[in-house]
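Below, in structure tokens: the form predicted on its own, a single chain.
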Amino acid sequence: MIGFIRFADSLSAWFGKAFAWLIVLMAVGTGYEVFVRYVLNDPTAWALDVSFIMYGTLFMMGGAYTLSRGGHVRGDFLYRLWQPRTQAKLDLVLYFLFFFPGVLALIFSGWKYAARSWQYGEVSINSPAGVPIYQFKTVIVAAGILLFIQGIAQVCRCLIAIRTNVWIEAEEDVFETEDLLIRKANEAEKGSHP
């Protein structure tokens, strides 16, 4: 189970980080649109649609990564006080009652929408540029599959926590700047004292 958890976490992290680069593209695209609109007085017909598509893709493809890192919103004012074993039992029930049915609905309905969109080469109706959006509909299915895989890993985490009363945490891969600076300062301080 731990091998599958690590595989799913790595897969989610790879996709999450790869699609995070869309932030840079969105910033460049928005900057370009602002320049041509206000400096050259020649706005583009495609910038708004493309920024919506990139943001939606970033949001969808980052979902599994966020799940693997425990970053989704939860009301845990009571939950956080419980033992890991109790938390895991509740999580396990909720995964099967709500998470998996929702993700399966996302995959199957997304498949239907994507297939239909690819059939007639759907384009955006929000701008005169007619930006293609059928590829964006495919992201719905891909994000659902990633969430499903990560959900199985979360169930494995629950089963391990029920047995051991300890959560298997995801490997840390992102650090706050302040934490890095404090760590560096502590290492420098330790290095200066014999």
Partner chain sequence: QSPLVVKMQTSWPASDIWDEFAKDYAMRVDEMSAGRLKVDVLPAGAVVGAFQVLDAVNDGVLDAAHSVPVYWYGKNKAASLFGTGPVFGGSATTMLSWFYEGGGQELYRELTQDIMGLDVVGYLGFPMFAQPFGWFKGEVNTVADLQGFKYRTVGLAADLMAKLGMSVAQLPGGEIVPAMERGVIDAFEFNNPTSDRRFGAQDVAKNYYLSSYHQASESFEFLFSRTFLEDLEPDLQAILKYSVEAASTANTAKAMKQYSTDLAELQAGGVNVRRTSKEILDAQLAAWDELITELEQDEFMKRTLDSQREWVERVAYYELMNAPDYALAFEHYFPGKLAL
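As the structure is a prediction and not an experimental result, all values here were calculated from the model. Residue numbers count along the first chain shown, from 1.
Omitted here: the form predicted together with the partner chain. The next part is about that form.
- Residue contact check for Leu48: one or more of its heavy atoms lie within 4.5 Å of the partner chain in the predicted complex.
- Contact check for Arg37: a non-hydrogen atom falls within 4.5 Å of the partner chain in the predicted complex.
- Though the partner is left out of this view, Val166 does not reach within 4.5 Å of the partner chain in the predicted complex, counting heavy atoms only.
- The closest non-hydrogen atom of Ile125 lies within 4.5 Å of the partner chain in the predicted complex.
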